[in-house]
Each structure stands twice: as structure tokens, then as C-alpha cells.
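Only one chain is shown below, in C-alpha cells, and it's the form predicted alone.
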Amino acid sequence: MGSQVLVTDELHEYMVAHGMPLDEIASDLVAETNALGGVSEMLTTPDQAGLLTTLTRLVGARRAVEIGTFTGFSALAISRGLPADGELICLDVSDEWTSIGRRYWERAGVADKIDLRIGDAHESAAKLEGEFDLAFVDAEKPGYTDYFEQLVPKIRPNGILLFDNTLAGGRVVGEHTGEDDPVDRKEFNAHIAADERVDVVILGIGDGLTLVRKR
């Protein structure tokens, strides 16, 4: 069995710097989001952003969907991986947070690829039409299983779905009680691991990023 490396903050910075470091636009968006205070913990990490752009390109995605857009950082990453005529549909409930993202999408020249739909994301997901190549979900965690079930039929074979925060700070293992017990993540992880329609890999990136390939 190979050894595992403890990813310290210093090592994480090294990994980002030697992978796909953030450009000025993405860095400014991160800075503005961090200035919001505690809510900024919902922000996708820089290494996840690089992975999202790369995976979008790898699967040759032309249509993608995101559930949970927040301030638009992950949407910026995905849209940059799409071709000029690509489409990213973003589903979110907050016009306030996503309005921040809109400014940066315009600045990056990707706004014309992004179709932002404000409203209940479960209802919006049910109304999605056509086939998608990629989906990214970073929304309320108790809703993950429903989002998975709604999205899988809409993803093409060999398309991918990604779900963020699936390790719950490591609390998916060990004994935890009350609010410290991430029952939603445990149930979701078990649910998709047993699904024969997909292949599942949980990556130790950020707070756990689950990569799902539709067979």
C-alpha cells in the first residue's frame, strides 16, 4: 500500500501554484467572496476550480449544469472549459450572491455561455430539458440524493457528475452525535456507491469531491 501525504496549507498552496493558478479575475472573485465573512466557507477551493475546468475539457462538454452557484466561482471555472458555443445552466436560489458572479462572468467574457435560473433548485432541476455532459452540485447537502436521481437520467453515457463536500470534514467516519453527525452525507455516499448506473470515486480534495461517471 502506497504512503499518503498530509496536505498542509503550505503544500496546498504549492499544489495550486504548480497546477492551474488563479488568474487576476478569479483571484479578485475569491477576494470579494472572502470579504463576505463566514458565508465564504461555501466557496469552491482553487484546486477544485482547476479540476472543474480540466474535466469539462476532458469530457468535451458542450452542455453543463450547476446546482448551487453562490458567487459564481465554480461557474467561472466550468464555463472556461466549455467551447465558445457551450452552455452552462446554473440553478441557485439567491439573486444576491449570484449577482456578484455575474460581474466576473462578464469580465471574463463567459457570460454569454451561462444561463442563470433563480428559484428552488429541485423544481428547476426537474424542468431541465435535453442531455448534459457534466453536472456539478454544491448545494444543500440533504438534497444531494434527490439531485443525483434527477440528474443521472439527463447525463449522457460517459458524462460526469461531481458533488462537493462529501466527506463532511472527515466526520463521515467515526462516532458523531447531533449536528456533528453528517447523516445526509453518509446516506448519500452509500446510495450512490450501490448504484449500478454509475462508477464512483471520492477524491480527497477540498472537503471531499465525489466524481461520478455514468456508465
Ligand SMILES: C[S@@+](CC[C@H](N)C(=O)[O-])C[C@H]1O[C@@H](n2cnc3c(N)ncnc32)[C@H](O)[C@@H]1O
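Keep in mind that what you see is a predicted model, and the values were worked out from it rather than measured. Just count from 1 along the sequence shown to find any residue number.
Below, we refer to the form predicted in complex with the ligand, which is not included among the displayed structures.
With the ligand omitted here, the record of contacts in the predicted complex names 138-146 of 125-133, 106-114, 138-146, 79-87, defined by a heavy atom within 4.5 Å. Shown without its partner, this chain lists Met42, Leu55, Leu36, Ala168 as candidates; in the predicted complex, only Met42 has a non-hydrogen atom within 4.5 angstroms of the ligand.
Not displayed here, the ligand is approached by Phe70 to within 4.5 Å at the level of heavy atoms in the predicted complex. Proximity of Ser99 to the ligand in the predicted complex: non-hydrogen atoms within 4.5 Å are absent; the residue sits far from the partner. Scanning 95-133 for heavy atoms within 4.5 Å of the ligand in the predicted complex gives Trp97, Gly119, Asp120, Ala121, His122 in sequence order.
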